[in-house]
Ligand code: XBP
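What follows is one chain in structure tokens, specifically the form predicted on its own.
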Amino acid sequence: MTGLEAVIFDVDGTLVDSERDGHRVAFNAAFEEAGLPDRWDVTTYGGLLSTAGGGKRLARWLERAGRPADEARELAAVLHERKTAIMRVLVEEGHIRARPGIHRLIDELDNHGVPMHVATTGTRAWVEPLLDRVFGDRFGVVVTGTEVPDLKPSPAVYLEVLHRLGTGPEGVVAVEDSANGVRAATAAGLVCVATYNTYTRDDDLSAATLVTPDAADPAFTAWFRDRLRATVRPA
């Protein structure tokens, strides 16, 4: 791979630090408001992330706690709706911030005229205001779990972005942070680079072309700059 045609970003744990001090906090607040004793500490929540999608994560937790499957799904739907509203408040109050090096990367891609897009299984109700608040109007196509219910590691959300762009995967890079995300991106035929975080440092990210702690890592910076030098845009 030489030049870059486009870059597609995941959101949770990739563009922003949102799991531990965002989603987890919102889930716990939803539990408390509902009068439930459930609470997810940092370690417990990390163990739950292997289940993609907050609603499914909740339903599985509630079912394992002894609730019948139908009851668990119904309660999970109610709790997840409230959790999403709380998460949106956290976003609006500025509690969710960009991961190290991400703003610099976005600026460099923008300066070179490389289009940037988003493929996330997060809910549009909080994803859209988060992108606007933290990054401004920097992304073209944004596809969320609201439009594509097939969660990662399904490649569906990436395939939908490519469909809306009217292009194939050639020259398009995905930036991810987790095993499910890397599997989704590579299944869609994309080159994928991964920046792991506290929760995903032990994930199997071997299918990624490059794995680094964050976007500020020198190896990550060098990888993109090499390809940006090879990217020629028409005058």
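As the structure is a prediction and not an experimental result, all values here were calculated from the model. The first residue of the shown sequence is 1; numbering continues from there.
One more form of this protein exists, namely the form predicted in complex with the named molecule; it is left out here, but the text below deals with it.
Within this chain, Gly189 is remote from the site of the named molecule in the predicted complex, having no heavy atom within 4.5 Å.
The named molecule in the predicted complex is not approached by Arg99, whose heavy atoms all lie more than 4.5 angstroms from it. Though the partner is left out of this view, Tyr199 does not reach within 4.5 Å of the named molecule in the predicted complex, counting heavy atoms only. Mapping the unseen interface onto this chain, His80 counts among the residues with a heavy atom inside 4.5 Å of the named molecule in the predicted complex.
Of the listed positions (Ala29, Leu36, Leu210, Ala52), a single one reaches within 4.5 angstroms of the named molecule by any non-hydrogen atom in the predicted complex, namely Ala52.
Heavy atoms within 4.5 Å of the named molecule in the predicted complex are found in one stretch of 52-60, 165-173, 66-74, 201-209, which is 52-60. For the partner-free chain shown, Thr120, Thr121, Gly122, Thr123, Trp126 of 97-127 come within 4.5 angstroms of the named molecule in the predicted complex, judged by any non-hydrogen atom.
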